[in-house]
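Only one chain is shown below, in structure tokens, and it's the form predicted on its own.
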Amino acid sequence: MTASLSLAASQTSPSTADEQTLARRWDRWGQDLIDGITAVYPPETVERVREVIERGYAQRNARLRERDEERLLAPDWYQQPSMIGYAAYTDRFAGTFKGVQRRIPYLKDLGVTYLHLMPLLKPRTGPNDGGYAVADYRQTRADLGTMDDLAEMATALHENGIALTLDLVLNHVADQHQWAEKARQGDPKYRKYFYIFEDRTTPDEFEKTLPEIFPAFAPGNFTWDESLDAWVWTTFNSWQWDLNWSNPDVFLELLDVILYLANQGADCLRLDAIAFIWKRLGTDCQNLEEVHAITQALRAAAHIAAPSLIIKAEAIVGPSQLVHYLGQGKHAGKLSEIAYHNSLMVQIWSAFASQDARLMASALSRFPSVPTSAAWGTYVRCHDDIGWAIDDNDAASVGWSGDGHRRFLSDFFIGDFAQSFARGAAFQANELTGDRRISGSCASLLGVERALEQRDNLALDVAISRIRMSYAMVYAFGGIPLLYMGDELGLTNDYSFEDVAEHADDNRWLHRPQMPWEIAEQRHDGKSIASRVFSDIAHLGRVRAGLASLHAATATKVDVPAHPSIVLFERRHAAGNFVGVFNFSPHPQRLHVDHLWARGLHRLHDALTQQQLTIVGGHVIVPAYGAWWLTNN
């Protein structure tokens, strides 16, 4: 089947502007759609998908259609150096959607052009995994406002140059979702939306190769449901039912949801838990080829109906798997536009603890190339915990034990290591494997909390230097730097989460504070911690926006040139080469200028300070926790 054949029934002679528009987009993306669909589903599914696309396009308003045309003329809009991301929970940032509108000046002050609002669709009552147990994809949380309020907020953001990202959970729905309720009532159509088993025979076979995501409070991957009188697949929690993506009806339902959210003004959808959506006996049911075929089909369909929408893969997987979410081989350039660079995040924390960047260089140098149409989402931390996704082979390449280093990092960031500056907490410790993930705010993990406890102003200065350097790295790597709410103010851990019954058993709320606007108002006072950190991060954004070499299409090469504490980010670009220099040592370090000249630099101009580096005896001195962005300009 070809794209043109699939259109024969209705679009051989387009007679209206809308029909012509859809026909042109089918010519561009139709084959990608067909290839993705027919790799997984029966061929007749294509026509059913076409009907969903046409309906979604028909419901798209004139303003968003104009935005589509603008983005088609600038398809790399999300790759521009001016893209600066900010992630927050709506209620904890501004209370409501209307509150977000009132805080747009704050976002612009920070340089934000991409806002990710964490789960805001209607969740189940009771425990809901921070909103990731969705009970209705077409309603918002009542306390935040209505779907109309969300659309109004999206319009205001767009008018201020800010793109909106929303979460869309693909792997599962809440047990209170109407699909689950209908399955409980015995509706055969909706029972097929889930993985339901009358006894443990098949679940036990799957469990032989399945990991446990939350072993402490959600062991196993299947839950007995009395109303179903059966076992249901629940990867994450007993009240989050995995969807059966082998059923084309599920694909059609979720595609319809994608277009619905796009029509509310979403510019990007973060596809949550995408790695888990396909199941196959004898595997860990993650990262299977069918996941990529489905993603290709979803992306192509969305581009036909709403081409200003892009997708971001929430795939927190190993490096060898991660690049596939941006497209490799036959999927190159056809999958998600953005994926989280989890490995960069992990390696930044590893290097701060060890004062050694060799593992970072080794691990990141092993990444295959990604399509030039892709963009990494780079970050220091996010709403989630930090897991030590360090490959044993990468650790061995620098003479380290992978298991030993992961245990060291947990000890260090919990604060159990003698020389640690961190104040973190263990999350989901697994006594069987020794795995311990980490919760904590950026400032607390990098030493601000400890310095305040000890009333040590020198240690506080050093901690703020670490924050500046960490964000200088993610802003310099390319892609879209993602700033998590509170980091820009140097907020420390919020221990009050223990007083909230819904949060008390999940210490990730340690780093999900309420926005303290009284502190945010100090951001320009020139003396507070909030002012110092905000000034540093806003400055990074302003400088970044003017450097063409930070366009996401350019790859970054990571290298440790001499001293193990110094790492270089090299980006070769027609507008001029860029070299980021970062020192993970608490002491100044010498770097021979040959290492910089060999990378195409001849003036050694630091874009962050607008100064030329001083060369003494063929060396430059990189300050403790120093960060330079070197160009020839």
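Model, not experiment: these values are computed from the prediction. When you see a residue number, it is the position in the sequence shown, counting from 1.
Same protein, other form: the form predicted in complex with a small molecule, not shown, and the subject of what follows.
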Checklist line | Phe236: touches the small molecule in the model of the complex, heavy atom cutoff 4.5 angstroms | finding: yes
Note to self: My question is simply whether Arg366 lines the interface with the small molecule in the model of the complex - judged by any non-hydrogen atom within 4.5 Å.
What the structure shows: no
Item checked: in the model of the complex, Arg523 touching the small molecule (heavy atom, 4.5 Å) -> no
Margin query: At 4.5 Å between heavy atoms, is Asp109 in contact with the small molecule in the model of the complex?
Written below: no
Check: the small molecule isn't shown here, but in the model of the complex, which of 266 to 274, 468 to 476, 409 to 417, 349 to 357 has heavy atoms within 4.5 Å of it?
Finding: 266 to 274
Next item on the list: Tell me whether Ser439, Asp494 and His511, taken together, all sit within 4.5 Å of the small molecule in the model of the complex, counting heavy atoms only.
Entry: no
Check: Considering the small molecule in the model of the complex, which of Asp242, Glu337, Glu314, Asp394 comes within 4.5 Å of it through any heavy atom?
Finding: Glu314
Checklist line | Candidate from Lys557, His383, His158, Arg184 lying within 4.5 Å of the small molecule in the model of the complex - any heavy atom | finding: His383
